[in-house]
Every structure is written in structure tokens, then in C-alpha cells.
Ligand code: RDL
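As a starting point, one isolated chain is supplied in C-alpha cells, in the form predicted on its own.
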């Protein structure tokens, strides 16, 4: 049975880990291992440990960078770390970040955090069980969170 790792943070203002687990469990039967760390810069090592020590086949790294410029820089550094962890382990780590300034208000921000997390959880399921579905979606302008952009017309 495949194992999905969930790494989330206490800095996030919404329980993204719970939303991811709920969506995964609604759709497939898998083992889930979860770890929660303080902030997004802690996610790369958490994800790497879930893969190497926890035996996870794929990991979701969930976090909420703040709205300040220094928060955006920290998000970039965390993203770089997650990419490095993917390359070091040859395993997908699906980064799910929702920046605090992406929503026009708290209601929209909460909606976005939940929807983006759940849509990426479905992507994790596709990567593990039905990668051909992703091939069919290539070039269709999929977006996680807000409405899809749709394909360009040539």
C-alpha cells in the first residue's frame, strides 16, 4: 500500500494538513504519515525525512508564507530546499503554498487554502495511481485554488 507524507506548519492560519488528509481519504486507501513543523523553511527537511525515514512514496509540503517581502524571500528559499530534497530523493514533493496576501479578505484566504490543498491532494493521487490523467490534462491551464485559466486557442 502506498504511503503519502504530509508536512505542514504551525505558522499557517488554516489546518492544511487536515484538509489534505481528508481529501486523500475520501478518494483512496493509503497509509498517511504526518509531521508538523514551525514554518515553511522547516518543510524541506521534514519532507526528506518522511521519504527517507518514513518510507513515503510522495509528500505534500503545505505552508503559508506571510505577506511581507521577507516572507516571500523565505518562501523562495523553502521552495529551493523542496526542489533539492526532490532531486536528492528522486521523489515528488508537491509544494502547496498559499501566500497570506493572495486573498482579498480572510474568507477568501480560507477558501483558497482549503481548495488549493484539496486540489493538490487530488494531483498527488493522480501522480501515484493515474499518471495518464495528468497527460490528458497537459496544456489545459489547470490552476489549484482559483478558477482554471483554460487552454490558449491557437
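Small disclaimer: the values here were computed from a predicted structure and weren't measured. Residue numbers count along the first chain shown, from 1.
The same protein also has a form predicted together with the ligand, omitted here; what follows describes it.
Contact annotation: residue 70 falls within 4.5 Å of the ligand in the predicted bound form, judged by heavy atom distances. The ligand in the predicted bound form is approached by residue 144, whose closest heavy atom lies within 4.5 angstroms of it. At the 4.5 Å threshold, heavy atoms of residue 48 stay clear of the ligand in the predicted bound form, well away from it.
Among heavy atoms of residue 57, none comes within 4.5 Å of the ligand in the predicted bound form.
For the candidate spot formed by 39, 42 and 94, every residue has a non-hydrogen atom within 4.5 angstroms of the ligand in the predicted bound form. Screening 33, 118, 126, 99 for any heavy atom within 4.5 Å of the ligand in the predicted bound form leaves a single hit, 99.
Of all the residues from 62-82, those having a non-hydrogen atom no more than 4.5 Å from the ligand in the predicted bound form are 64, 65, 66, 70, 71, 74.
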